[in-house]
Every structure is written in C-alpha cells, then in structure tokens.
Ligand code: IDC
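Shown next as structure tokens: one chain only, the form predicted on its own.
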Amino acid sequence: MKRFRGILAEFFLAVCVLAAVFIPKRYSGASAVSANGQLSVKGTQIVNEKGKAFVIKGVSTHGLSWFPQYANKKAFQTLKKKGVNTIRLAMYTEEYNGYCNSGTENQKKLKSLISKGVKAASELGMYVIIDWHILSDGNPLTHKAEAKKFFKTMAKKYNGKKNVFFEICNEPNGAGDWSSIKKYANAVIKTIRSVNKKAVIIVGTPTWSQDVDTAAASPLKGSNLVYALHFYAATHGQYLRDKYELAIKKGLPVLVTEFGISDASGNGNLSKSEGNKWMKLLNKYKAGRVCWNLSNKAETSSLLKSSCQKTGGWKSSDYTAQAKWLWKWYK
C-alpha cells in the first residue's frame, strides 16, 4: 500500500511538472478584458475596474467596405500575439460605399462586418472600438440623424458588453468646428446614454482630430468621455505634442485613435525618430494609442505589404517597415 501511494505521489508530481512546462505556453496570463474588465475614464486616463491606468495598444482596420477580409478572428489573434489589446473597426460614412451614401443593403453588410469584428475581438478578450469614420463629410452634423439611429442600435446591441467603445466622429474638418462638434456630440451621447450608461465614448476634435487644446478649453459634460487625437509622425511634430500636453495639463482625457509614422496622407516617407518621440510622450502619460491601418493597401501606413494576400497568421516577411517599428513598441 505504501508503495502504491508512493507511485501515486510520483505520478501527481510528474503531472504538476508537465503542467508547469506546457500550460503557460498555451494559457499564459489572462486576456486584456478578463484582467481589466469594464474600462472607464478617470481624470486624464482610461482606467480598469480597479481604477488603475490601462494603456490601449490598438490597431485600426482600414475602411470596412474596402478591406472587409481583415475583420476576422485569425487576423485579430495574430495581432494579439504582437501585443495588440484593442481593435478599431473603421466604418466610413461618406466615401465610396460609405454607410450614409450607399443604400440599405450596404448598410446591412457593414453592420454585419461590425458584428463579426466585435464577436471575434470579444472571443479573444480584446477591446473593440466601433468607429463612425467621417472624413469628406467634414462636419459631423451632416449625418447627425443617421449617426443617432446607428449608435442607438449599437448601444442597445452591446449594452452590458465590457469591451465595446463608441467613437462617434472620426476626423471633423472644414466646417466641423468645435461648436458644431459639441452640438453633434451632445445629441449622439444622449442617444447612447439612453440605453447604455457605461460604455466609453470617444469624441473627435477639430482639424482632423488635432485640436485637443480647443476641446480642453470647453469640454463636454458627462462621464466616460474621452477626446480623440490623431497624428502622423512625418507631418505632425513638436507643435502637436505641445497641443496634446496642454490639453492633458488642463485635465482633458485624450485617446490617440489614429496614428502612424508616415505623413498625414497615410503615405510618403516614414519618420521613426518622430514616432519614437510620440511613443515616449504617450508612455509618460499612460495614454492609449491605435495605429492606422490593417490592410495591404500600397501605402506606407499599411501594416501589411501590398504583396501579402493572407488575412491572418502573418510572418515577419509579410509586415511593412511601420508594422515592424510598431511591434517593438507594443511588445
């Protein structure tokens, strides 16, 4: 009997050793969502359920109408292995096949892609941003009625989901001054909050989401609101970092929902040196950031080479120079 117990003890010891060796490789650590839960805004930071700063390290899709193939679980899982904890689903409103100018059938397709993207991110324990991607429409008031209807649907559908953010206006520009943005934001935020009290809502700022200092001078009222800043390092240097720091010092919570190290067109030369300065500054304030863009479009801001036809499971040789720079910071 003693010998049997000894053999049994040795067996369990062997099992424990094997578990220690193999299990961490497959199940090392909790997911971002399981570890941090419902995020909220506290002061200038996004924080987890315990009130500790949580740094969003995200990647944005390109337009869902143009590159729908990347809204899939394998793609997001590959990014997760690179340190990405958040996916931004960019849905253009007025460009080709935009949500507001392409009819009800395409709207259904876009909503289906959003559902697919949210489901995939959720299954992987990642956060996800549903982005109302205004650009050529400029003034968010142009499609206020459509935005209210869209976000009412999204807010109801994902009420109670801990990992879903709503970005209600990507890059106001031209006639999209702060007074117009505030009118729009107040209406859409009220619509969202009528059915969803907790989700973080991201508000774009004037001049293609650069004038966070303007927003800081007259912020919106409400909780769990954060303001978007966008930069492209080869164009936007110290002057925009100064705007960002001014806004932070005034108490404005800022989330970088779009950035890259190309120029502002999303193409052109890369500036890793300016990008490094931006990353160091964002790290200083524990600020979140979401890189543009997950596609194989032939431009320098894409994360995949134009020759890459895979929609997930990418290798080092599939990534562009910007992607390889990004992974170093995200790791």
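Computed from a predicted structure; not experimentally measured. Residue positions are given as counts along the sequence shown, with the first one as 1.
FYI, the form predicted together with this ligand isn't displayed, but the following is about it.
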- Task: Using heavy atoms and a 4.5 Å cut-off, decide whether L89, Y158 and Y227 all contact this ligand in the predicted complex.
- Result: no
- Task: Please name which of the stretches 108-116, 71-79, 185-193, 131-139 has residues with heavy atoms lying within 4.5 Å of this ligand in the predicted complex.
- Result: 131-139
- Task: Examine A264 and determine whether its closest non-hydrogen atom to this ligand in the predicted complex is within 4.5 angstroms.
- Result: yes
- Does E171 reach this ligand in the predicted complex if we count a contact as any heavy atom within 4.5 Å? yes
- Message: My question is simply whether Y285 lines the interface with this ligand in the predicted complex - judged by any non-hydrogen atom within 4.5 Å.
- Response: no
- Task: With heavy atoms only and a cut-off of 4.5 Å, decide whether N293 touches this ligand in the predicted complex.
- Result: yes
- Looking at this ligand in the predicted complex, which residues in 297-320 have at least one heavy atom within 4.5 Å of it? K297, E299, S301
